[in-house]
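Consider the single chain below, provided in structure tokens and representing the form predicted on its own.
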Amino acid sequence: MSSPGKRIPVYVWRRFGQSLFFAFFLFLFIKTDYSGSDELTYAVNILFRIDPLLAFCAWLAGKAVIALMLPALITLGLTFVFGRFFCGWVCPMGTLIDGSRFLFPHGRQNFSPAWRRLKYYLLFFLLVASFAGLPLAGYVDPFSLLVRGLTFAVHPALDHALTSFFTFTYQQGPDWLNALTEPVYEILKKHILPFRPKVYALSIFSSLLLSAVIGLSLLERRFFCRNVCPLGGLLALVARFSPFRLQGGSTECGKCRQCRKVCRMGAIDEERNIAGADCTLCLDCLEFCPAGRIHFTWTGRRNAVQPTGITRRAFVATVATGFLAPLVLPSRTLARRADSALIRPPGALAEKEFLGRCVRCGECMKVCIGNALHAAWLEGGFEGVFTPRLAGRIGYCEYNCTLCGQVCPTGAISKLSVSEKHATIIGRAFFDKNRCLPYAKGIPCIVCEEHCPTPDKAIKFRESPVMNSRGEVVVVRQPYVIDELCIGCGICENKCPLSGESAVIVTSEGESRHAGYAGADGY
């Protein structure tokens, strides 16, 4: 039998659990990439699928239960039994905030408890707005915030830094140094770094948002988790009914407030009562209680449900705002005609349903081989920020790739077979005759036709006399697009040899997802 002095502290087990789940998260994050096959080996989107906030918002927006998100009910069920363990043990954002504590050693100021209501109001607003047609949960969901920040900024920056370093050692270092560094670089390229170097729109903005979430701990420890996170708010509402809770502090503790001092969530009041809605089961209070009075116990019905502090007036105002906010959407110009530059990934649902399901996780953009998918800004309206759009001048949709549909956690992008992908039209190409070399300057150029991936080329030529820059009339082959063959992959726009704007431009005209939809706005 082990002696009490050799007992492993419970906070060590919690830290081990957090580290394990965070390592699992990073493993899935790294595996969300092309690895030489058009099949993803792992369920890389599973953490999004166990997120009940995203599940409820997607279900309410689509007015249907999405089977892919049913695992989220497991999270709610476990929270109902054990309390808000997810925030303290599983959530990678919470682990990252805890891990960055050394950056904010003085961030312990206790804000007014009224701030804690903010996460509830935000939760109610998101749920109601999703139902009313304004899906915004992906903006503030901790998983979406974290994965976007890592995908758009951190991972590319790490790739750039390491590649630059190893390139420098390879070019400038002696042979013995290269014998050491090159194998290390090969291992990093194979297991850690992206398959190809990538760039992303809104990368700086996404990194600033992630930094802001972490930096809020400067105001108060785990400020985001305590006061802002709507997922935490949903789990807190369920945890209020949990029969398993930490208890033990009482008036017998005298002047001791050690449990209250070490609590990272501020879940313990002056009377040493532990709020089940705020407690994330970090177990620090249990470990550091000098008298050993705090313990995890079954309270059953004796434990009254604790109040949230939500006022009736504020609740009604929040719900009303959620219902009324979408009413402004029809007043926008987008309501009459969609932005033709907004090209969605192959397999994307019709725009309204797509926006309702998309959780702005960035997974499709990370896995995109051709670096074609980027975060939209206002091309799809305010509710479309961070949703994927094809930027042909930056990248292109690989003809035989179906990874974006495989990785989407909500089915906003349908999973397609390769043959279905080949038949899916996401847009059509057009030539700018004022820039295209054969049209504008009489210079022969066949780059776009050479790269067109369809078996029967969607770009063909017709010979035409043109006056060149020397005033000579020459006969050149001028390209044109066969609409029935073009799928809008964007490779012609991407490979156009002109600097700056391409002479071939892909628009969303003719996209398959709106086939059968009537209306000038294309939706």
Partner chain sequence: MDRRQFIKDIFLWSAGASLAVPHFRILPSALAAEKPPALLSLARGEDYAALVAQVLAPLGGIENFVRPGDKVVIKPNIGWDRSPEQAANTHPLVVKALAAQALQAGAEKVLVFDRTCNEERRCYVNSGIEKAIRELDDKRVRIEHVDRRKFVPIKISRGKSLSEWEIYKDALDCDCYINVPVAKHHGLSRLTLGLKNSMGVLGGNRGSLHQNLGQNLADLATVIRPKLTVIDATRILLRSGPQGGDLKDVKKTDTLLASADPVAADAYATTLFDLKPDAIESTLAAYKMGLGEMDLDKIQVLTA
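What you are looking at is a predicted structure, and each value in this text was computed from that prediction instead of being measured. Positions refer to the first chain, counted from 1.
The same protein also exists as the form predicted in complex with the partner chain; that form is not shown, yet it is the one meant from here on.
Think of it this way: in the predicted bound form, the partner chain has a heavy atom of just one of D432, E420, E182, D269 within 4.5 Å, and the residue is E182. Site annotation in the predicted bound form: the residue of A314, L158, L73, I446 reaching within 4.5 Å of the partner chain with a heavy atom is I446. Using a 4.5 Å cut-off to the partner chain in the predicted bound form, each of D33, Y399 and E450 places a heavy atom inside that distance.
Using a 4.5 angstroms threshold between heavy atoms, F80 stays clear of the partner chain in the predicted bound form. The partner chain is not shown here, but in the predicted bound form it comes within 4.5 Å of a heavy atom of D38. Within this chain, F461 lines the site of the partner chain in the predicted bound form, having a heavy atom no more than 4.5 Å away. For R49, no non-hydrogen atom is located within 4.5 Å of the partner chain in the predicted bound form, even though that partner is not displayed.
Considering the partner chain in the predicted bound form, the lone stretch of 245 to 253, 400 to 408, 274 to 282, 328 to 336 in range is 400 to 408 [heavy atom distance within 4.5 Å]. The partner is not shown here, but in the predicted bound form the stretch 169 to 203 reaches within 4.5 angstroms of the partner chain through a heavy atom at Y170, Q171, Q172, E182, Y185, E186, F195, R196, P197.
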